[in-house]
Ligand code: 13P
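Here's a solo chain for you in structure tokens, the form predicted alone.
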């Protein structure tokens, strides 16, 4: 259908849109096909570290081409870039959205780097996502997670001094696999949503959250949900299962196809739940 910006998808789409991490041709194909099978928009996402690996400009180019040829709206998104240069690299590759993550910086510095990226992005018709509050790691305890959560008092100032198209928030979510059931601060999310008004909110660290937590987050105002680790576990799980069925074959044709198909099924399931299925749980 078209390569579209995240602003176009998030403003018009009911529920939330899934954003899925991409690592190679097969994960990219699986993610786009998941969108096509569901008939829903999808965000094809790659992080700064994999994009900056030697030779991986080609992965970015493949992502853009797949989006242009897709039968559903696809946004090609740079995730968690810490610097201006990588954001510019992604834009030059044809990405339709970038995230500048200044959450590790003092508030004024976060605002400054966000505005620098936004100025360049707006000139090219590219959407920008920013972040307030830092995502915890799997090694962090509950007190550390709480300390890193988005401060609602910073949200109004940040949004008044920037013109971002989406804002990622930290409410107890974390990258990687959670230890036990994650605890999300939905009261904090409610407060942030009231302040953010028309700026869509983003939830990173979606892998491992329960369906009930997803549903509650979307009902409050989450419009984009990032899934990264589950792409990897789905892909590698399918790789191992397929290889072990015929170890001596070393099937470099069939195994990647099985991995791609597994990613497609997972993406389709998530997209449909984020867009519609969540309503049954609220």
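Please read these numbers as outputs of a predicted model, since none were measured by experiment. Positions refer to the first chain, counted from 1.
What follows is about the form predicted together with the ligand, which we do not show.
The ligand is not shown here, but in the model of the complex it comes within 4.5 Å of a heavy atom of residue 229.
The ligand in the model of the complex comes within 4.5 Å of a heavy atom belonging to residue 175. In the model of the complex, no heavy atom of residue 67 sits within 4.5 Å of the ligand.
Contact annotation for residue 40: none of its heavy atoms lies within 4.5 Å of the ligand in the model of the complex. Contact annotation: the ligand lies within 4.5 Å of heavy atoms from the stretch 205-213 in the model of the complex, the single such stretch among 148-156, 189-197, 90-98, 205-213.
Though the ligand is absent from this view, in the model of the complex it lies within 4.5 Å of a heavy atom of just one residue from 238, 32, 218, 45, which is 45.
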